[in-house]
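Consider the single chain below, provided in structure tokens and representing the form predicted alone.
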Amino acid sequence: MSVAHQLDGRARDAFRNSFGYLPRAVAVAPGRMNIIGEHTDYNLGFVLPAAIDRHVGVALSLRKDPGVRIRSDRYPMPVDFDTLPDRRQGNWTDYVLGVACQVRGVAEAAAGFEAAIVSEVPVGSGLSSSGALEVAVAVALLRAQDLQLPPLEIARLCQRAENSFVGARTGVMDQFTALLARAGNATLLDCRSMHHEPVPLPGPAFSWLLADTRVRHELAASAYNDRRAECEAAARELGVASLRDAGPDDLERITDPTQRRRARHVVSENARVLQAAAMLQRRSPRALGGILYASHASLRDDFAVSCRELDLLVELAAQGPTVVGARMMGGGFGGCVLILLETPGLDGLEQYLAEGYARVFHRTPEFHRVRSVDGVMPGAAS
């Protein structure tokens, strides 16, 4: 039985245990790793994500009244509302409530719902636990009402929920990946045109290891929005709609040095995404090493979203004889380092990283050996 189907069963059991009857709809959506393309999606550039075998499952039924009841295996306190709130609560439920508000606008119905949520995606690790939750909620709510929307429209719906309700000005990469990823492949996604194509990932001789710093810096959310504002200011000075349309020769026209550095990262990262996709298409995974390390250096120096914990793990990984390349992954200021390595070196590398990290920070990272999987469509559901 696949991991997605196992979580489907867990979600159904959690719903029955919480509410005493069987759910009307179930959806299971994966988290994601991003091979390369960090902070480029909201600049309408290129990204190269893949869905991973860590999922969020949502079992759901509609109510006959406007009430909302939410239960989660990650957060023990029950969540109950007499009606769907129209403003954020300032906690994890905003991802659920924001999506529900968006779906209500599509469905033009005011029925409440009951939902049980189960998750195996680490929170705050840069693996898109929020995107997986949003997509699973959206798909379950739509199916409970016998409504169908194209996957891209669902992705946009979830992005609007995160932008307008949660208040995080994210791009569409995470939701898109949770919906449309294909096992064995990353997806080269143009975040402006939404053109996408599968890119084959390395075979079993190579593995992806995520090393979680277990650091959750409080400034990450506000800094994310700051970086987006800096990018938008740089684009305005250049007279372009987004930094997607800027090139290396344009950078010196940006007068503010901070905005210039932010733009330099976006411009160079877009080029690295296309280079990485070309190397994977040519079945040359070892050529990714320099690209991954360059991405980390750019995120550290030009975009200023790394931290000492992330930097140390990349530095340690670079010393591993079986490591192809490594970089920080996600919004920054904590979370995971993505490492591509030869599969036989997994055990040794984990031990080496754990020991080196513990010598400096007196704790060990958490490791996730991940493989690519399909998105929720046409994944497990009721």
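Everything quoted here is computed from the prediction, not taken from an experiment. Position 1 is the first residue in the sequence shown; the rest follow in order.
Below, we turn to the form predicted in complex with a small molecule, even though it does not appear here.
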item	value
Stretch from 55 to 63, 316 to 324, 23 to 31, 38 to 46 whose residues place a heavy atom within 4.5 Å of the small molecule in the predicted bound form	38 to 46
Listed residue that, although the small molecule is not shown, lies within 4.5 Å of it in the predicted bound form (heavy atoms), from Phe165, Trp92, Trp208, Tyr224	Tyr224
Of Met173, Ala100, Ala186, Leu179, the one that lies within 4.5 Å of the small molecule in the predicted bound form (heavy atoms)	Met173
4.5 angstroms heavy atom contact with the small molecule in the predicted bound form for Gly330	yes
